[in-house]
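Only one chain comes next, encoded as structure tokens, the form predicted alone.
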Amino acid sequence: MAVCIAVIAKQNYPLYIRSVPTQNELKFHYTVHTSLDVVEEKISAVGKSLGDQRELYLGLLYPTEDYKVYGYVTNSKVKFVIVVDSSNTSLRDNEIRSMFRKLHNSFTDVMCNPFHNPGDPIQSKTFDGIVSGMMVQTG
């Protein structure tokens, strides 16, 4: 499961970042923000190619020694980044895709809330609960 999940706005500021364990939170913020360059690179490459432009899943952005970073971008250019522990070899690509679909559906529910202003940080308890369910359970 994920050790960090982030939702990044179109203008590249964080709408939501959650990490487990919390003592590495700054490290995960750095990892997420460095992955944005790779996301932008992949988005521009997809725009130039004649391939399927409806593909939202960007796949593995980059692996590090300890983590693997995956990306997903919505049609409105909101970016989702999931950081997974590299030691978790049982996690398949289709499971990562399903995590992104679940995250995207929950994000859509947050955006459909008439009391949420788009561009504000996400403070939904339902969204937080779904993200918590995708995180690594330590304890």
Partner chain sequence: MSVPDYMQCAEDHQTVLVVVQPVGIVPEDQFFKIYKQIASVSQVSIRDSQRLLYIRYRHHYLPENNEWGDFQTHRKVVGLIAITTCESAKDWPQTAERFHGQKELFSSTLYDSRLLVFGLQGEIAEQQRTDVAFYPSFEAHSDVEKRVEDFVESIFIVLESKRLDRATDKSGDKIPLLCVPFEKKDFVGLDTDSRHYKKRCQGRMRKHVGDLCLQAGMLQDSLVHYHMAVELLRGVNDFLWLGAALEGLCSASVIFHYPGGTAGKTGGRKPSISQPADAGKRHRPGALTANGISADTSTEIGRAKNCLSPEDIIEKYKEAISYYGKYKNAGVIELEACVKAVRVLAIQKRAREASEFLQNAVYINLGQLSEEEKIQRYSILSELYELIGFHRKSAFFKRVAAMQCVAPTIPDPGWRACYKLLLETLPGYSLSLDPKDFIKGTHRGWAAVQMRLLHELVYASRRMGNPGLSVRHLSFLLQTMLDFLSDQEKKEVTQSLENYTAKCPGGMEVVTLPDGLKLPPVPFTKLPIVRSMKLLNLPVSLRPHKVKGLLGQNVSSASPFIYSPIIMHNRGEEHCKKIDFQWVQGDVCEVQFMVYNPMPYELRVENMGLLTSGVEFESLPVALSLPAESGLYPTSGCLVEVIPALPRLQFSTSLPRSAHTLQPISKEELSSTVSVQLFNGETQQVTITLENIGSEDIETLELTSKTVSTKDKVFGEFLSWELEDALSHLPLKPGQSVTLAVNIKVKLDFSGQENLLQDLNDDGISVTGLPISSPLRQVLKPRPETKPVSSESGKAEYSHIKALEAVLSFRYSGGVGKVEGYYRELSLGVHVDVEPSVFFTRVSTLPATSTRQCHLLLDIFNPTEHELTVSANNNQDLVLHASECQRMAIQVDKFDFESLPLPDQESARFTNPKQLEEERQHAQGCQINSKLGICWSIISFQRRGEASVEGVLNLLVLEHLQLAPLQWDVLVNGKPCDCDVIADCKVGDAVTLEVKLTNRSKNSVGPLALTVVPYQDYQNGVQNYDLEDTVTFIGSNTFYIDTVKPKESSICVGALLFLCTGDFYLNIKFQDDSAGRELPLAWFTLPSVHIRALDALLQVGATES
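Residue numbers count along the first chain shown, from 1. Since the structure is predicted, the reported quantities are computational estimates derived from the model, not experimental observations.
If you look for the form predicted together with its partner chain, you will not find it shown, but the lines that follow are about it.
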Heavy atom distance at most 4.5 Å to its partner chain in the predicted complex, all of Arg92, Thr126 and Met134
no
Open item on the list: At 4.5 Å between heavy atoms, is Pro63 in contact with its partner chain in the predicted complex?
Closed with: yes
Does Leu56 make contact with its partner chain in the predicted complex, using a 4.5 Å heavy atom cut-off?
-> no
Q. Does Gly119 reach its partner chain in the predicted complex if we count a contact as any heavy atom within 4.5 Å?
A. yes
request  = Check whether Asn12 has any heavy atom within 4.5 Å of a heavy atom of its partner chain in the predicted complex, and answer yes or no.
outcome  = yes
Taking its partner chain in the predicted complex and a 4.5 Å non-hydrogen atom cutoff, the residues of 28-44 making contact are His29, Tyr30, Val32, His33, Thr34, Leu36, Asp37, Val38, Glu40, Glu41, Lys42
